[in-house]
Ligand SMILES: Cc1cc2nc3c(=O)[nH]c(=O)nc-3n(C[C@H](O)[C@H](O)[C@H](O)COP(=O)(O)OP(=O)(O)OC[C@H]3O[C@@H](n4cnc5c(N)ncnc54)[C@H](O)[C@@H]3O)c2cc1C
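A single chain, nothing else alongside it, follows as structure tokens in the form predicted on its own.
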């Protein structure tokens, strides 16, 4: 096995152009597991962990760009205002894994259990890709994630990072697993409330072949808040039946299977519970914010 260590992004892209089969490695928290279990044995790997273009994040014109090489530990430390992303980052493995693992790794692995991916879907993020010669393109998250452990990046492209618009409003990430820490999600959910657009976004992980949104539940939440006058009054709340129906609509968006980590029926139930909790948390966050302002 050959490992190349490019010094610049352009050098890495030139390697990918000449050797499209080269496998990028940054934190290695997913790839090394496959190597250790002999599930994969690439002839060539490209170490992109030192490339400064992948290790930066920045705000630009109402959006955020998060480089593919930014670790989960840095997200927790440096991006506290993006609460769902921080919450998802905290659930990733152990501190050692968070020190090495990256959002770019989640995107490259494209597993529906990737903790950061429901957050990117709820943010309506686009994935930025690069190829040699200065070629750049951006794909909406749902066009980038095309199936279980499959994405739409071309063989000669590298994932630069993700970009999304900043919204005003509460949000959360939560997941269910067989234990409290270092767990692969049986089901996960991210909810983002966009108060400026009066919209909700709900994304589900580990309950389908890829990350799923719940558009009918999102539309129901918008109507329910309007009926309750909650868009204008942060002290308002939803009735228990409305919360129950929201959870049921979220569960209906799931497309789970039975596997060693859980049954399809359990995953649907978990989605409903996570959805009710997330919406209730959003209301509580709004009330807390209104009391402190």
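Numbering follows the first chain given and starts at 1. Quick caveat: nothing in here was measured; it's all calculated off a predicted structure.
This protein has a second form, the form predicted in complex with the named molecule, left out of what is shown; the following refers to that one.
Just to confirm, with a 4.5 Å cut-off on non-hydrogen atoms, which of 282, 23, 15, 273 contacts the named molecule in the model of the complex?
After the contact test, the surviving option is 23.
Which residue, 226, 252, 33, 264, is the contact with the named molecule in the model of the complex, using a 4.5 Å heavy atom cutoff?
Filtering the options by heavy-atom distance leaves 33.
Should residue 234 be classed as touching the named molecule in the model of the complex when contacts are defined as heavy atoms within 4.5 Å?
Residue-level check for residue 234: no, no contact with the named molecule.
With the cut-off set at 4.5 Å between non-hydrogen atoms, does residue 50 touch the named molecule in the model of the complex?
Answer no; every heavy atom of residue 50 is more than 4.5 Å from the named molecule in the model of the complex.
Contact test in the model of the complex: residue 105 vs the named molecule, heavy atoms, 4.5 Å
Although the named molecule is absent here, residue 105 would touch it in the model of the complex, with heavy atoms inside 4.5 Å.
Under a 4.5 Å heavy atom criterion, is residue 210 part of the interface with the named molecule in the model of the complex?
Flag for residue 210 set to no.
Can you pick the stretch from 193 to 201, 76 to 84, 154 to 162, 210 to 218 whose heavy atoms fall within 4.5 Å of the named molecule in the model of the complex?
Selected range: 154 to 162.
If you look in the model of the complex, which residues in 77 to 106 sit within 4.5 Å of the named molecule (heavy atoms)?
Residues within 4.5 Å: 91, 92, 93, 97, 100, 101, 102, 104, 105, 106.
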